[in-house]
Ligand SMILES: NC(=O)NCCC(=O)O
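Shown below, as C-alpha cells, is a lone chain in the form predicted on its own; questions about how it binds or moves come after it.
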C-alpha cells in the first residue's frame, strides 16, 4: 500500500491540496528539497524511496542561521529469519551502507536508524536462546565498528539502535551514539517496555537505567526516545528539560499497536517541548517458525519529522525501504519557545508535588 500522504496528494486538485496541507501538515507548501539526480538514480538502483523536505526559521539579527540536514532510514530485513545470524546481519550492513552513502552525498550530518536495525524483530517469538548472538557490546560490537568507519568517513553523527549485551551478560534495548569522528560518545537504554499481545520485551531485558541523556554533538543537542517510550508524555518531557533540540524515536511497530496514533504522539511532543522529533519505523514482513507454527509480523514504515511549531513532513512509504532527508534550522526551537511560552507557564513544581503525594502518600 502506498503512503496515506501520496493517496491524498494524488486525489486532490491544487487548491484543495493547499487547504489540506495547511491543516494537516501545518503549511500550504511541504517545502520539498531539490535532491541530486545522482541521489534519485541511486534510490532506483537500490530499490529504496528517497524524499527530502525543509523547515524554515525566521532570520534573526544577532544569531546566524543554524542549518543542518538530518537523515532517517527505514528498512526491511534482507534474508529469511532461519539463515545464519552472521549472514543476516551482514546482508543488512550491505544494504544500509549504500543508503548511508546516498545520505552523505546530500550532506546529511545526523542520521538515525530504526529500532534494533541489525536484525529481525524476533521479540514477538517468545524465544531467546535462538537469537542470542544478535546481542552485542555497545562500544565495540560489530554494528558500532561498522558504523564508526562510515561516521568518520562522512563526518556524520550516527544513532545506532541495537540489542546490547553488557559486561555482565545482560541484554538491553539500546541506542548507541557515534560522533562525526567515528567515536562512541554514549548510549541510551529504552525506558519503557511493552507487554502487549505477543510482544513481551520484559522477558528479554529490563527497562533502561540511564535516565534521559542528551548528547551535545558538533551539530546539535540530540536525544533518543526508543519506540514504546513515545506513549509516555513525561519521557518526552525529560529530554526537553535536559536540553534536547532533536529527539529521535526509532521504532519497530505494527498496525495493531497504534498505527492510528503514529502520526500524533511525536508531533504533539514536538509542540509541547519545543524541539524537533524524528519518527523512524521499520518496513517489511518478517516470518518465524516456532514449533512448526508460523508467526508473521508486518511493519508499516511511515517515517516522518515534526518541527517545534507543529509542522510535519509527509511520511515515507508504508512498505518500501526509504531515506528521509530533512533540512532544518535549530534556531526554530528557541523562536517557538519564546513565542508560545510553554516552558514559562509549565508549572512543573505543582505537578512534582502532586506526583510525590501519589508516590509517597
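What you see is a predicted model; the values in this text were computed from it and never measured. Positions refer to the first chain, counted from 1.
Same protein, other form: the form predicted together with the ligand, not shown, and the subject of what follows.
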Practice task
Classify residue 141 as contacting or not contacting the ligand in the predicted bound form by the rule of any non-hydrogen atom within 4.5 angstroms, answering yes or no.
Solution key: no
Exercise for the section: Could you confirm whether residue 288 comes within 4.5 Å of the ligand in the predicted bound form, counting heavy atoms only? Expected result: no
Practice task
Answer for residue 231 alone: is it within 4.5 Å of the ligand in the predicted bound form, judged on heavy atom distances?
Solution key: yes
Problem - Contact label in the predicted bound form: residue 252 to the ligand, heavy atom within 4.5 Å - result: yes
Completion exercise
For the ligand in the predicted bound form, the stretch among 223-231, 86-94, 240-248, 156-164 with residues bearing a heavy atom within 4.5 Å is 223-231
Problem - Listed residue that, although the ligand is not shown, lies within 4.5 Å of it in the predicted bound form (heavy atoms), from 180, 127, 201, 106 - result: 201
Exercise for the section: Would you kindly say which of 207, 284, 194, 137 lies with a heavy atom within 4.5 Å of the ligand in the predicted bound form? Expected result: 194
Exercise for the section: May I ask whether 267, 276 and 329 all come within 4.5 angstroms of the ligand in the predicted bound form, judged by heavy atoms? Expected result: no
Handout entry: Members of 174-191 lying within 4.5 angstroms of the ligand, judged by heavy atom, in the predicted bound form
Key = 190
